[in-house]
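The chain below stands alone and is given in structure tokens; this is the form predicted on its own.
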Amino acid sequence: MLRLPPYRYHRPRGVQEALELLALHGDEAMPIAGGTDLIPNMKHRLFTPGELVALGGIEAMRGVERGEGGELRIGAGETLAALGRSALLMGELPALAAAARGVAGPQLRNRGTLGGNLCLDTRCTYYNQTAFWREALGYCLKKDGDVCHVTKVGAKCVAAHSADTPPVLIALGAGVEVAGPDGVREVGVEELFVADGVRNVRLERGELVVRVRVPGTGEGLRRLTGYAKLRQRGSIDFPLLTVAVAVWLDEEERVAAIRGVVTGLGSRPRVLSGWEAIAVGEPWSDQLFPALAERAHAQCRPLENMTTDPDWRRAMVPVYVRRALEGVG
């Protein structure tokens, strides 16, 4: 049986109290929301915080509401289950609702949160193992070792980003509100991530993601979204590939803007390049899909950081890009 290391559990009622607890305990403290990823990682001794600061009782981090200019504001503490069944999201951002519904299984979605999914730790075949297993291998660059078993060198960790909601939010141009000891700052979801498998989220020690902001569509435009996910089983499994698409159409149903984002292939989500040159100004139709899928395939080269064959995962890129495009609505 894998047991948790010893820790103390704190239950603040407000964001400021949570920040004060994180500041007080410093490197010994970690925030916990649903705990669906952190608790297994603690059992594997990937993290051993002595102080856990629970965010589940903070009402200010909940809610889905409309702001000025059609902006949608989503609390980072909203559960994935609640987002998956939100009438507002299903009506306006169906890809985000679908991504939330696609995370793990129902028990985990009932506990896991949007903020937790945004800050999900990267994953790798050689990292997400028990301490006994990792010791037998000599550990790895991400935790306790000095060599990456994927690249065979110690230069850079390539553990994969495997969260479902960030690629949709990046495609939508969303941002997050981050609260910390120095106040609240805003950062785009795309800028939140860096290509570093050890720590791929630009958050300073003691900072919390408290809210996500999705901008409105803009006057005279209609926004459509699509989402597709590749995994070994239809539930529970982390994605081997996730594709998110956002399209803005003008009044003549021509493409005014388009963004495609993939994840599960590298340490951060990747915005696909060259799609604007293919689609902008063209009527929105399935005639565009083959060129967009081929452009995505040319850019994506998975690594051996997951249990499945990277060549097969790459072959699935155009397949799932087309599925995401076909599901745009």
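Residue numbers here begin at 1 and follow the sequence given. A quick note: this is a predicted structure, and the numbers were derived from the prediction, not measured.
Another form, the form predicted in complex with a small molecule, is not on view; read the next lines as being about it.
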Check whether Val194 has any heavy atom within 4.5 Å of a heavy atom of the small molecule in the model of the complex, and answer yes or no.
no
Interface membership of Ala163, the small molecule in the model of the complex, 4.5 Å heavy atom rule
yes
Contact between Ala136 and the small molecule in the model of the complex at 4.5 Å, heavy atoms?
no
Although the small molecule is absent from this view, report whether Met30 comes within 4.5 Å of it in the model of the complex, heavy atoms only.
yes
Choose one stretch from 252-260, 216-224, 119-127, 90-98: the one whose residues place a heavy atom within 4.5 angstroms of the small molecule in the model of the complex.
119-127
Contact with the small molecule in the model of the complex, heavy atom within 4.5 Å, among Ala81, Leu203, Ala131, Val187 goes to Leu203
